[in-house]
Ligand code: HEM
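Just the one chain here, the form predicted alone, laid out as structure tokens.
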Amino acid sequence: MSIELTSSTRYTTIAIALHWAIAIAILAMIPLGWWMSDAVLDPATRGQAGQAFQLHKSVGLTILALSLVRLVWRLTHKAPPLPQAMPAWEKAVSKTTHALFYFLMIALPVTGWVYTSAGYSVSFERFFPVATSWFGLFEVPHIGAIASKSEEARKTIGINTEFVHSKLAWGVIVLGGLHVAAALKHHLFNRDDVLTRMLPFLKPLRKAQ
């Protein structure tokens, strides 16, 4: 069965919906992650932190699923062409940025899943295996290849994965900031349709005559 690639002057409704759903979820996850990492160490907020961890894992797995769907959709539906006046170097940066976003959107929840599967708490420096319940509806199994390893191996995996997970979160913050700045630059200064392709209700600004 062949897959027909399609393109237009704007992103498809599904691509737009996936973009904003993932973006909003990630934006909510970062401050939640910071808060619960501190709150779990305080006996007064430890119970709330435990609930926050479950929410964090549930949203993270949702982001993973949506990101995989978005990647498949992107591979089967061409993105709108970039403005012809856009310099070649800027087009290359744009493509690289999007590739990095796909990597981060998948790598962040995967590293979180690996960390949970290892069952080692970096905060408490001991094993603290907790089942993952997806929004209280069903249990998500740990990754067998990780959970079945020795305690020494799982401790090493847990420490390293937590470190990588936190650095990837910073990568999202930096890349997201640059992405927003570039979108605003195109809308306010270049006055092209780069931003409006993802925000259909927004109209490109008129260029000065």
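Start at 1 with the first residue shown and count on from there. Keep in mind that this is a model prediction, so the values were computed, not measured.
Missing here is the form predicted in complex with ligand HEM; even so, the following discussion is about that form.
Chemist: Looking at heavy atoms inside 4.5 Å, which stretch does ligand HEM contact in the predicted complex, given the options 28-36, 43-51, 176-184, 145-153?
Modeler: Answer to the contact question: 28-36.
Chemist: Is there a heavy atom of Phe101 no more than 4.5 Å from a heavy atom of ligand HEM in the predicted complex?
Modeler: Judged by the heavy-atom cut-off of 4.5 Å, Phe101 is well away from ligand HEM in the predicted complex.
Chemist: Would Ser166 count as a contact of ligand HEM in the predicted complex, using a 4.5 angstroms cut-off between non-hydrogen atoms?
Modeler: Output for Ser166 is yes: heavy atoms within 4.5 Å of ligand HEM.
Chemist: According to a 4.5 angstroms non-hydrogen atom cut-off, is Ser123 in contact with ligand HEM in the predicted complex?
Modeler: Yes, Ser123 sits close enough to ligand HEM in the predicted complex that at least one of its heavy atoms falls within 4.5 Å.
Chemist: Flag Arg70 as yes or no: does it have a non-hydrogen atom within 4.5 angstroms of any non-hydrogen atom of ligand HEM in the predicted complex?
Modeler: Answer no; every heavy atom of Arg70 is more than 4.5 Å from ligand HEM in the predicted complex.
Chemist: Could you list the residues in 48-76 that come within 4.5 Å of ligand HEM in the predicted complex, counting only heavy atoms and keeping sequence order?
Modeler: Those in contact are Phe53, His56, Lys57, Gly60, Leu61, Ile63.
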